[in-house]
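In the form predicted alone, a lone chain appears below as structure tokens.
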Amino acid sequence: MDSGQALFDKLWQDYINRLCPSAHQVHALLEEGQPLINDHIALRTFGLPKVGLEVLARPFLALGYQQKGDYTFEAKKLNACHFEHPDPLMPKVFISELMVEQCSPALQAIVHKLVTQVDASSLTGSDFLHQGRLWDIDSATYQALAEESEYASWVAAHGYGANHFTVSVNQLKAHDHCQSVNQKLRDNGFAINEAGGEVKGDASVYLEQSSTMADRVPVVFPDGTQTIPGGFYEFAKRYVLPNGELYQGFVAASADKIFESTH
């Protein structure tokens, strides 16, 4: 099992090489002489016992992470939890899963067929978290999933890897708020997720968030390569609670719109 930092390094390498190559440019634009602090990463999966949220959480729990908040996104048919490490410098981890049983019989059949291909022994340890697809899928099946659930099609096409990393805006001297970060990125050619407004949340919920729209990346299917939405970069500003501590949770209404960065 990797150490915490080693695991995040491998997740980062997979993310910048396969899912979000523009992350290099985000760093070049925002870094202020020291590495950016990563507020959290997010992982996606199918809500089936073999590959569900609990399976993805296992390596993080082994590293000392603790489950904190849990969230439901009814319209998107998603269930999620976030995990925190006792060391505040370690990134939070947000894991979501598609509640497959709430989807159409057609989608359920496709997802069960994909998950049946997974060798359970490949899910031990933590390497699978950044190894991409553990099943074969053709482009027609990907498109069929996308018609019902963008989330399902994303997981089916990309498999396992960080859906996003997150810049802690609190660290930045040049930017007090997500709005300022958005403008800097816009000025340099990035598209910003405007679902629910370009900044989700504010000081009243102790968290504001924004994100780029996902990079379009090549994905190889048996019947050819397609360019589809991959990973994106998020930006989070956290506010101090009445007890004097920095808010560490997530806001479901905001997270719901951040999911749409891969649309």
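As the structure is a prediction and not an experimental result, all values here were calculated from the model. Residues carry their position along the shown sequence, with the first being 1.
This protein has a second form, the form predicted together with a small molecule, left out of what is shown; the following refers to that one.
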Taking Ser96, Asn163 and Phe250 together, does each of them reach the small molecule in the model of the complex with some heavy atom inside 4.5 Å?
yes
Just to be sure I understand the contacts: of Leu11, Ala23, Ala255, Leu19, which is the one whose heavy atoms reach within 4.5 angstroms of the small molecule in the model of the complex?
Ala255
When the contact criterion is heavy atoms within 4.5 Å, does Ala42 count as touching the small molecule in the model of the complex?
yes
Although the small molecule is absent from this view, report whether Thr212 comes within 4.5 Å of it in the model of the complex, heavy atoms only.
no
Would you check, heavy atoms only and a 4.5 Å threshold, whether Glu208 touches the small molecule in the model of the complex?
no
Should Phe232 be classed as touching the small molecule in the model of the complex when contacts are defined as heavy atoms within 4.5 Å?
yes
Counting only non-hydrogen atoms, which stretch in 184-192, 106-114, 88-96, 137-145 is within 4.5 Å of the small molecule in the model of the complex?
88-96
